[in-house]
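The data below hold one chain only, encoded as structure tokens and taken in the form predicted alone.
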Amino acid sequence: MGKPRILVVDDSKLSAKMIEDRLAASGFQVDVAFSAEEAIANLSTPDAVLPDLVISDVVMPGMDGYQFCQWLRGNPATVHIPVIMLTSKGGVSAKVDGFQAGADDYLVKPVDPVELEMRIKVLLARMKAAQATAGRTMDASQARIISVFSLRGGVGVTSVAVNLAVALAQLWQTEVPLVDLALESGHCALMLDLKPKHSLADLADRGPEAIDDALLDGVLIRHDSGVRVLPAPPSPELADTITPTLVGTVLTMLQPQFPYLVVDTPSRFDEVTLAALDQSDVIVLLLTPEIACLKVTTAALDVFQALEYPPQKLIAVLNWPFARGGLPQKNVEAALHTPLGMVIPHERALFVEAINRGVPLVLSHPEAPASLALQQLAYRLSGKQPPAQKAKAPSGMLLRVQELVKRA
């Protein structure tokens, strides 16, 4: 196999030269274009040698980096080439613009050369892993990825994610991976009374290019319910080792192996979170009936709209934490301009008990109203019955939920 070929597009000759020299010294083949128009002309020739990865500046005269990335994504020959955008523009909105244009990664100048080289390697590894996965799973059913998200902390995202994963596993008598992306303070394993020996940090140590099915299987912890937990790093300082490329690689590799996959996300928009949300089939947008939470939820919906997520990808779920009070459901729906997909009734004491015991609510109190709501939500999010389930007798949870659906 030849050296990976990198195309650098930057109107600054000094910046382009510095990147070229660094990458060439690291064993890459490097082509340089000083404008998006020049790059397009070179890529459009009949005998063009396509790069394995593109690094593009954003602010350039004529066509900018966003437009160039859109051209790459609109060209069948270049649609799958990974793109890293380099710019002096920081902030969430600029990154959203980059990802919306089709970029795979986004670095703010000045860029550390070591970090740039690392991100190039992991993107190339992700591409290789995706190609290998596609090659071996042409006839396989892809997992339905369900992410639970809120921009406000403390609304029960992890509790809902854990209970959904357990409910899916119990409903369909199958294994369900639960990926903990609350990297600084992940609690998924704790809520299942598991003591992990390995975590996402171990995969980061090896690098995406070294991850195979056997290694990934060894990091997933089995729970008696059928859930397989991929724990967050054991300490907050390891959170920065988890990259968007690593997350994308892991989700891509897990998809062919399971019918469902649940992701517990942190309460912020960052590159790692966006990598998971982009790949998700469904985003459970969790909120509580209070003004502050409603405000950040509408802000999240604005971001999802900017990212052009289809409406059917989102389901708003109201988690009711108050014994009394809270905004009326009709007011919440009016503010969100969308009906709620589910309301989880107040069960604070039972949730606290479940967390302290390490036994999820859907197992410890399967007949409690909040538990039944979570079971019905899992059933709804299933989308369709896994093929393997057809050969099995229905589980007790499935029979209970189907009876509730009939009565509704």
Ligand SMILES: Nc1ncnc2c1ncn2[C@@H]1O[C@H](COP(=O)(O)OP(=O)(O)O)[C@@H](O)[C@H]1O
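Counting begins at 1, following the sequence as shown. Because the structure is a prediction, the values reported are computed rather than measured.
Absent from the display: the form predicted together with this ligand. The rest refers to it.
Taking the partner from elsewhere, no residue among Leu164, Gly341 and Leu377 has a non-hydrogen atom within 4.5 angstroms of this ligand in the model of the complex.
This chain is drawn without this ligand; in the model of the complex, the residue among Val250, Ala275, Ala103, Met191 with a heavy atom within 4.5 Å of it is Met191. Comment: this ligand is not present in this chain, but in the model of the complex one of Pro244, Pro259, Pro321, Pro196 has a heavy atom within 4.5 Å of it, namely Pro321. Note that among 25-33, 63-71, 49-57, 345-353, the stretch whose heavy atoms approach this ligand to within 4.5 Å in the model of the complex is 345-353. Residue contact check for Pro113: none of its heavy atoms lie within 4.5 Å of this ligand in the model of the complex. For Pro328, no non-hydrogen atom is located within 4.5 Å of this ligand in the model of the complex, even though that partner is not displayed. Contact check for Pro310: every heavy atom lies farther than 4.5 Å from this ligand in the model of the complex. Looking at Gln170, you'd find every heavy atom of it more than 4.5 angstroms from this ligand in the model of the complex.
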